[in-house]
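Take a look at this one chain, the form predicted alone, written out in structure tokens.
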Amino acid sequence: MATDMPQKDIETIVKDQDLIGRRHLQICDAALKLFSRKGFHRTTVREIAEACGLGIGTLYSYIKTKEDILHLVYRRILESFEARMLEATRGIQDPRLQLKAALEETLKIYDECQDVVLLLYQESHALGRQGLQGLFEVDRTYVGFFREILDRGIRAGQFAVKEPHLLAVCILFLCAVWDLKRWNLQGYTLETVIESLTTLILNGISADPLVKLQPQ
């Protein structure tokens, strides 16, 4: 799984790349909190500048548009997601166990970052064409991570799956239900959701009806 998000060129007046990186991180942290609380459209660039301790003129030395800030936020979120997925599945050779670990970690990430996940789904339309293409590439990479596990399980004779790409897309969307439908899931615990979804998915694609994941 690739760990680098396709980079959108963000125009800056400053040329010091280390300083740009630090400032982008500073801007991203402040914007993420504001976007999660107020939404992208109701948050002003001036509010972001004040939250990260920069003057409005200084802020515009490191970004050109408000869309640039949203792209920085998306890039940081998705890079963090990828890093955690790689760590959770590293060294696991059995496709069933690797898929189980990937599902559990994805649901934990979605639980910890509920406001952020909603932001990803609700505000992506605010990105321009170039920004959206970058976001789509990252989504394909994340889907590809699950696709690789499914492909290995198919080759090993463990998974009975005819359309692994379609299933990988559906798995990620199914995990997002914990955030997108949380108003209808009150009373359920994360542990219950993890157990239910991993059991449903792994048992549903098992090539051997006698090999079933037992609820814990």
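The numbering used is simple: start at 1 and walk along the sequence shown. Since the structure is predicted, the reported quantities are computational estimates derived from the model, not experimental observations.
Missing here is the form predicted together with the DNA; even so, the following discussion is about that form.
- In the predicted bound form, the DNA lies within 4.5 Å of some heavy atom of Tyr60.
- In the predicted bound form, none of the heavy atoms of His24 sits within 4.5 Å of a heavy atom of the DNA.
- Within 4.5 Å of any heavy atom of the DNA in the predicted bound form lies no heavy atom of Ser36.
- Residue contact check for Gly55: one or more of its heavy atoms lie within 4.5 Å of the DNA in the predicted bound form.
- Proximity to the DNA in the predicted bound form, defined as a heavy atom within 4.5 Å, singles out one entry of Ala156, Val45, Leu190, Leu174, which is Val45.
- With the partner left out here, the DNA still marks one of 181-189, 145-153, 158-166, 60-68 in the predicted bound form; by a 4.5 Å heavy atom cut-off that stretch is 60-68.
- Along 14-40, a non-hydrogen atom within 4.5 Å of the DNA in the predicted bound form is carried by Val14, Lys15, Asp16, Leu19, Arg23, in order along the sequence.
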